[in-house]
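Single chain ahead, by itself, as structure tokens, in the form predicted on its own.
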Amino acid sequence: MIDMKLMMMLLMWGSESQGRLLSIPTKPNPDDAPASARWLVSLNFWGVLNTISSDLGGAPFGNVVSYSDGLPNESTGIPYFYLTTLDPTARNALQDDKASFTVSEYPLGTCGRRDPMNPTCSKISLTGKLKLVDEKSKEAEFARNALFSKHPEMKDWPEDHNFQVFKLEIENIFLINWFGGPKPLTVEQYLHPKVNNVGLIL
């Protein structure tokens, strides 16, 4: 997780910046898979959420979605989404909760001139179950705060669209952050990375 004081120096959240990163914390060493994974998930704003389509005979359906895994000083590693059943993704999840979520380092601007498929331009796919969060729970309140801090316009999305908080319960992690194939990384290692003396995950 990222220390609040350090994060305030690096980021400006909210309407003035439209929730965009002003500076990127240093990319972790590729040998440290948990740190690389959490760095990638905590700093990104959007990714591709894949569900099993009930309208397409069980075919996979990918959708670009915004997300947050927590407030700047409360990163959890768990992606939260603000979805409506007017969109296929939420409808699919309510019928079959199997899902995967993929984000790339490329949108962060730290890959330079490298192609997004270059192994040194990190990418991660989190596979598991896409679950509706109880709207009256503390978790839902935390998730809404996290989502609205990173994506301010969400607060003004139409009430009659019945947006609800979903989360991905992670069961498997596929991380590429250097040459040599996917890095071994368990869910436990991902959710509980080591922290150094300035508050950055290692």
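Model, not experiment: these values are computed from the prediction. Start at 1 with the first residue shown and count on from there.
The protein also exists as the form predicted together with a further copy of the same chain; that form is not presented, and the subsequent description refers to it.
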task = Tell me whether T26, A35 and L71, taken together, all sit within 4.5 Å of a further copy of the same chain in the predicted bound form, counting heavy atoms only.
result = no
ask   = Just to confirm, K98 within 4.5 Å of a further copy of the same chain in the predicted bound form by heavy atoms?
value = yes
inquiry  = Would you classify T85 as touching a further copy of the same chain in the predicted bound form, given a 4.5 Å non-hydrogen atom cut-off?
reply    = no
Partner contact for E153 in the predicted bound form: a further copy of the same chain, 4.5 angstroms, heavy atom = yes
query = Taking heavy atoms only, is I176 within 4.5 angstroms of a further copy of the same chain in the predicted bound form?
reply = yes
Members of 55-86 lying within 4.5 angstroms of a further copy of the same chain, judged by heavy atom, in the predicted bound form = L56, G57, G58, A59, P60, F61, G62, N63, V64, V65, S66, Y82, L83
